[in-house]
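Taking the form predicted alone, here's one chain by itself in C-alpha cells.
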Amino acid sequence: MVETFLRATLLGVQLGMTLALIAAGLTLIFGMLDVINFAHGALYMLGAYFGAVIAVNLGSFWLALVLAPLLVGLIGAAIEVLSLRPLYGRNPLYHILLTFGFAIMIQGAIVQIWGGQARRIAQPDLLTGTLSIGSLNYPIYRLFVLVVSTVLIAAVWLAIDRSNLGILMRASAHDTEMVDALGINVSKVFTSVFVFGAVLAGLAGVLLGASRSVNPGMGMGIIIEAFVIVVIGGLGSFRGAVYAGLLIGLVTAYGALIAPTLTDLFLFGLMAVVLMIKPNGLFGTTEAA
C-alpha cells in the first residue's frame, strides 16, 4: 500500500512538472501579450511529431530533444510575426479565433503528412529500465522527465524574477508605450516570449512523446489540462501555473489510484471549487507573471 502511494506521488509530481512546463508557456504568452493561445496544444503535438521523425531518421533521441523544440519555435515565430502582431491592441476575440484556427490547421496538416496512426518516440538505451528507490522500482525515463522539467521550471522562474530580461518582459507587459519610448524594441520582446512558449510546448511534446502515444488528438487533450492549470493558478501567473500544475498532477495520479473513471470529475471539480473561492485563481489577483 505504501509503495503504491509513493509510486502515485512520484508519478503525480512528474506529471505535474511536465504539465507546468506546458502551462508556463501558455500563461507567459497571456501575461505578456494578452493572447489566449489555443494553438499551444497543437505546438506541443507538433513537437512530439517532429521528435518522432527526427528520432527515426537520425537515430537519436537526444537530437530530437534539441532540434524538435527549435523547429516548433521557428513555427511559433512565423505565427506571431505574420498573424498575431497585426492584431495586438484589438479585441481579444480575434486572437482566440486566430489561434483556434491555427490549432485546426496544424492538426489537419499532421494528419495529411503523417497519417492518423499513433506512433511513439523510442526512449534512449541509457534511460530504459527501472531504478530502485528503497523498496520502490521506478522507471528511469520518468525520473529523467521529472529532473529535466524541474530544472527548466526553476531556471525560467529565476530568469523572470531575477534577471534584467525578466524585468524587461514585465515592463513591456505593463507599459508598452513607455518601454518603447526608452528605445527598446517591444515587438522583439513579444516575439521572443511567444517563441519561448512554443519551444517549451515542443520540448514537453518530445518528453511526453517517449512515454505516451503520439497521435493527432494529443494536442486537444493537453490544451484542456493546460487551461485548467492556468485557470486554477491564475491567468498570467507563472508561479500559479507551477503550483497548479503540481496540484493537477497529484490529483490525476491519486484519482487514477482511487477511481480511474472519475479522474476528470476530480479535475474539473477542483477547478470549480477554486473559482468559487478565488475567481481570479490562486495567484491571479495582482501578480503579473
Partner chain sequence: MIGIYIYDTITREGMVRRLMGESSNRIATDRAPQSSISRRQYLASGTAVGVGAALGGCLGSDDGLTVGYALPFTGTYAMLGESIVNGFELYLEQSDGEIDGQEVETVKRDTEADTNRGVDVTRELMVEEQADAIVGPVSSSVAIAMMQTIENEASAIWLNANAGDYRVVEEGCLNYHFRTSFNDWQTSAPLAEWVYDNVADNVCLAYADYAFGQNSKNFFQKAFEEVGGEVVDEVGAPLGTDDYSTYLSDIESSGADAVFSFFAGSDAVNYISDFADYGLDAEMTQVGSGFLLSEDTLPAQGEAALGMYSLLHYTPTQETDRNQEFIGNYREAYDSSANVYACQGYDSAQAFAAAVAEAGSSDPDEMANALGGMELDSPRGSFWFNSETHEAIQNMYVREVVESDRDQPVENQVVETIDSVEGPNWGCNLE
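Positions refer to the first chain, counted from 1. The structure presented is a predicted model; accordingly, all values stated were derived computationally and were not measured.
Heads up, the form predicted together with the partner chain isn't pictured, but that's what we're talking about next.
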Handout entry: One stretch from 78-86, 135-143, 185-193, 158-166 that, in the model of the complex, holds residues within 4.5 Å of the partner chain by heavy atom
Key = 135-143
Problem - residue 120: touches the partner chain in the model of the complex, heavy atom cutoff 4.5 angstroms - result: yes
Practice task
Give a yes or no for residue 17: in the model of the complex, does one of its heavy atoms lie within 4.5 Å of a heavy atom belonging to the partner chain?
Solution key: no
Practice task
May I ask you to check whether residue 92 falls inside a 4.5 Å heavy atom distance of the partner chain in the model of the complex?
Solution key: no
Problem - Close approach of residue 172 to the partner chain in the model of the complex, 4.5 Å, heavy atom - result: no
Practice task
Sort through 257, 250, 63, 70 and report the residue having a heavy atom within 4.5 Å of the partner chain in the model of the complex.
Solution key: 257
Fill in the blank from the handout: Residue within 4.5 Å of the partner chain in the model of the complex by heavy atom, from 104, 148, 98, 74, is 104
Handout entry: Residues of 1-17 having any heavy atom within 4.5 Å of the partner chain in the model of the complex, listed in sequence order
Key = 4, 7, 11
